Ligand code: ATP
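Next up: just one chain, as C-alpha cells, the form predicted alone.
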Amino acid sequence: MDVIEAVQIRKRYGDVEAVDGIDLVVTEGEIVAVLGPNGAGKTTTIELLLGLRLPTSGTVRVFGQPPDRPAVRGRVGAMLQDTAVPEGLTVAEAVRLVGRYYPYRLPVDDVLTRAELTDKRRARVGELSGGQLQRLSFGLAIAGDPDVLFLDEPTVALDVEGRRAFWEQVRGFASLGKTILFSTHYLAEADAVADRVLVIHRGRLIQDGPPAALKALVAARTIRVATDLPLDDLRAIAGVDQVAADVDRTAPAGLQYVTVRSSRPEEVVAQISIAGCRLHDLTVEDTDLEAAFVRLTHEGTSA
C-alpha cells in the first residue's frame, strides 16, 4: 500500500528552487532515509510531505489525501528540528497534552519508556538537557500512535550511546508496522537502519534505493596495508582507482601505510606480492555509504 506519494513537487523561494521536481512513493512499513548536504532541500521536502508548506507546483498525497487534512494529521507524527514545548510543563504533562490532539494515543507510560524518559516524568521541560529534549521530541512524535513518522535530523543532539539507544527505539516502533521517513547527516545511521536511501542534491532526487545498491554504485573496495611499494607504482597497477598515504598511522621500519581503492582488490594484492614487495597489516573492506554519498553529491547526477 502506498502511504506517501509526491508527484513533481517543487518549492521556490524567490530565485531559489529549494525542491526541484521530486517524485516519490513510500509504501507501508518502509523505513526511508533522506540524505543530502546542507541546503540540499531535505527539510523542505519533509515539510512539504507533512503539509507544513504548500508546494509551488506538484502534488503530495498521504493515505491518498492532501497532508493537511485532519484525517491525515491524526495518523502522522513528526519530530522536527524546532519543536517548541512550554517549559513549565512536566514531561508527562507534555506527552499527555500532545496525545489529546489525536484520535488514538499511546499510554503516557509507554511513550516515556520508548523515549527513555521514565525517570524524568515529573521534570519540567525547561530543566531538560539537549539530549533529553531530543528524546522528548521523539516521545511527542509518537504520542498519537501514528501510522507514519517523520524524523528530521533526530539524533543531532545525542552522543554516540544516545544515538544507538534512540535507533533501537525507532526499530521497535517500526516493528509495529509503522512507516518511517527520516533525514540524517550520520550516514552510518542510514546504512544500519533504512530499507531505502534517498539522496537529494540541489533540490533534486538523484538516487533512490537500498543502502547496498547505493554502495554498489561505487564499485571499488578499500585496501588498507603497510607496504614498501612506492605510491606511483601502486597507482600504475591495473584496477587501482585511487591511492593515498595514511600519515596518521606509524608503520614498521621501511614500510608506509596506504589506502587503495580498487574494484579488483584481489588482483591488486596479488600484483604487489608478485612485485616482491612487503605487505603488513592487510585489510580489505566493502565501500561504505559515505563514499557513495560523496561521489553522488560531487557529481550531482545519478551514477
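Everything numeric here is computed off the predicted structure, so don't read it as measured data. Counting begins at 1, following the sequence as shown.
This protein has a second form, the form predicted in complex with adenosine-5'-triphosphate, left out of what is shown; the following refers to that one.
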property: Of G58, P66, P37, P252, the one that lies within 4.5 Å of adenosine-5'-triphosphate in the model of the complex (heavy atoms); result: P37
property: R164, heavy atom within 4.5 angstroms of adenosine-5'-triphosphate in the model of the complex; result: no
property: Contact of E153 with adenosine-5'-triphosphate in the model of the complex (heavy atom, 4.5 Å); result: yes
property: Proximity of Q81 to adenosine-5'-triphosphate in the model of the complex, heavy atoms at 4.5 Å; result: yes
property: Distance check, R261 to adenosine-5'-triphosphate in the model of the complex, heavy atom within 4.5 Å; result: no
property: In the model of the complex, segment of 38 to 46, 231 to 239, 23 to 31, 244 to 252 with a heavy atom within 4.5 Å of adenosine-5'-triphosphate; result: 38 to 46
property: Residues within stretch 7 to 33 having a non-hydrogen atom within 4.5 Å of adenosine-5'-triphosphate in the model of the complex; result: Y13, V16, A18
